[in-house]
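There is one chain below, alone, in structure tokens, taken in the form predicted on its own.
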């Protein structure tokens, strides 16, 4: 079922350390209740693709929210702000969890919420989704789309990124869907194998789908990375997974 009318607006959340951060929300018109989606944006920033994807979930019957993880870097185009954040070494995992948690709490506290929600992320957002769903018990499904650096070498860990997400697998608190391109290098096919093996070792509920002829970011219709067939199949599998575990 699709919802042609929706409400989309910007709100302010109390993020990590009670810092005020913006979040973009969209939901179908009507009283609900609606299951929820928290969208964690990718390394290129809190950009137009994430606004559109937030509305896409609303079109499919979900109350969705996308917090701005780069709020503290100031105003500017998504590209400029993202470049500033990258130059500063990115956001810390702890700050990310605090900001996403604020979005999750806001979503679940609304009268239109069913009280269930998935966490969605692409690229760095996929990595962040895995971490959030391992550090908290609030998500009902984890949607990891080509999340890089789930597998990390010891020398890549630092104060902001103190633990590789793959080493949090025992603490993963919900089913996880992974969508990956076999031509991607971050994560590589070998790293996806390692992640899948770890999920099996810990008896976690998961679905991994891997696509030939696709690399990193094959959902991004506005980039040369886009692969129509793989993208459409990925969305079908994603919505089926969310329907099963979130509603």
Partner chain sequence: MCTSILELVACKGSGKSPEGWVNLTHAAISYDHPHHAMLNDAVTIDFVNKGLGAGTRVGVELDLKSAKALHKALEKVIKDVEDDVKSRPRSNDIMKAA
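Bear in mind the structure is a predicted one, so any value in this text is a computation, not a measurement. Numbering follows the first chain given and starts at 1.
Not pictured, yet referred to below: the form predicted together with the partner chain.
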Worksheet item: Exactly one stretch in 174-182, 40-48, 198-206, 53-61 has heavy atoms within 4.5 Å of the partner chain in the model of the complex; which is it?
Response: 40-48
Item to complete: Would you kindly say which of 130, 96, 81, 107 lies with a heavy atom within 4.5 Å of the partner chain in the model of the complex?
Response: 81
Worksheet item: Pick from 72, 116, 135, 86: which residue has any heavy atom within 4.5 angstroms of the partner chain in the model of the complex?
Response: 86
Worksheet item: Looking at the partner-bound form in the model of the complex, is residue 169 within 4.5 Å of the partner chain by any heavy atom?
Response: no
Practice prompt. Using the partner position in the model of the complex, report whether residue 231 sits within 4.5 Å of the partner chain, counting heavy atoms only.
Written response: no
Discussion item. In the model of the complex, is there a heavy atom of the partner chain that lies within 4.5 Å of any heavy atom of residue 210, even though the partner is absent here?
Written reply: no
Worksheet item: So in the model of the complex, does residue 223 come within 4.5 Å of the partner chain, heavy atom to heavy atom?
Response: yes
Worksheet item: For the spot marked by 15, 21 and 68, is every residue within 4.5 Å of the partner chain in the model of the complex through some heavy atom?
Response: no
